[in-house]
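This document opens with one chain alone, in structure tokens, the form predicted alone.
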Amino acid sequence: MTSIRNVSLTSLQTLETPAAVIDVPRMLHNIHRMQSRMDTLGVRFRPHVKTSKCVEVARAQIDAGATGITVSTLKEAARFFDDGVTDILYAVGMVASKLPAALALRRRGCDLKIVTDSVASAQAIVAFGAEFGETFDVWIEIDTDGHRSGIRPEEDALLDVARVLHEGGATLGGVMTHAGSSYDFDTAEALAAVAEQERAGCVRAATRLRDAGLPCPVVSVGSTPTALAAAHLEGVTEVRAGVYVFFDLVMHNVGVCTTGELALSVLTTVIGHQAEKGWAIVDAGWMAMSRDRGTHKQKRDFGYGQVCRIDGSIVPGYTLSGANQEHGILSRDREPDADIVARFPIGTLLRIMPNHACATGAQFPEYHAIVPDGDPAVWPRLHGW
């Protein structure tokens, strides 16, 4: 992948820093890479838009062939529905207090699916649905790796929850899982194994429901690493993934992308130095990069981010090694750089690749989307819950 070497430097120099910058050709490459893989595997693809929370990005994903979207908040669901996306999975366990917002979306015509992994939640859903005459489309979350939420495929609770929903008048739409533990691996063999574990576990849950005479039309799996590592997806109907659209340094360390595919960076300005320490000080601290230190326990620690030149090309051996609220510390990875002042004079514009694209994006109300030979376009980003 090439970086944007011929973007108008004058255009970037007009931006106030810190600023979130999207390399659009890289983003489109990532979108088409994932969509092509899903097409080859013969499954629908439902991207998770929590990474970008941006209508323009989601529209590019849908234009490439995605079917519906996944969201992490009902505010996201409302925003994307307002933009014309109707097929939406709210992939966070439902609680009674959020059912009125879900009902309002469905009453407006949104084909909203909701998720549960407990009898108590299922009972609340069917009771609320009965009270207001609404048939909610509910998917059961399956735990295929012990990572976070869900019911294990062989648990009795799976059938208990399904019967509450089915007999209570809800639509039992299917099962879904997320192999979040895939982030803990970094070899092709290990990623393929966790992808198969994810697939097999979710398909097994669906089989148990069907064998019990219960409907299960959808089998939904996914994370960025497993989506890219799966050898086959027999029994799966759709895949979800999110961070692939931008990728980040954690995904680079996992081994599913190169640094040349990282599409999100933070434009920052050198504002000072601690020459005796070999530091350059920039105006992107943890308020810009986030506090996410996801690479800390991986095979390579990038501090708070990888330093790049204004054109997006990497400056080898330099990272954002420290961060305060509004100040970032740029330094050489090994011995201090005695020439740091000359190398990065005050006023120098740099770009920092993030550890976690979702967390870094969340620090900004908008993106500056850049294309070759063009001025940056401003793409708003949804904030809040």
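In this text, residue numbers run from 1 along the sequence as written. Because the structure is predicted, anything quoted here is derived from the model rather than measured.
Quick note: we don't show the form predicted together with another copy of the chain, though the next part is all about it.
Q: Thinking of another copy of the chain in the predicted complex, which stretch from 320-328, 26-34, 60-68, 39-47 has heavy atoms inside 4.5 Å of it?
A: The contacting stretch is 320-328.
Q: Contact with another copy of the chain in the predicted complex for Cys358, defined as at least one heavy atom pair within 4.5 Å: yes or no?
A: Yes, Cys358 lies within 4.5 Å of another copy of the chain in the predicted complex.
Q: Spell out, yes or no, whether the shortest heavy atom distance between Gly303 and another copy of the chain in the predicted complex is within 4.5 Å.
A: No, Gly303 stays farther than 4.5 Å from another copy of the chain in the predicted complex.
Q: Quick one: is Ala362 in contact with another copy of the chain in the predicted complex, heavy atoms, 4.5 Å cut-off?
A: Contact with another copy of the chain, yes.
Q: Does any part of Lys53 reach within 4.5 Å of another copy of the chain in the predicted complex? Heavy atoms only, please.
A: Flag for Lys53 set to yes.
Q: Report the residue, out of Asp156, Glu276, Glu189, Glu131, that has at least one non-hydrogen atom within 4.5 angstroms of another copy of the chain in the predicted complex.
A: Filtering the options by heavy-atom distance leaves Glu276.
Q: Select from the listed residues Ala193, Ala231, Ala120, Ala127 the one whose heavy atoms reach within 4.5 Å of another copy of the chain in the predicted complex.
A: Going through each option in turn, the one that passes is Ala120.
Q: So which bits of 285-302 sit within 4.5 Å of another copy of the chain in the predicted complex, heavy atoms only?
A: In sequence order, Trp286, Met287, Ala288, Arg291, Asp292 come within 4.5 Å of the partner.
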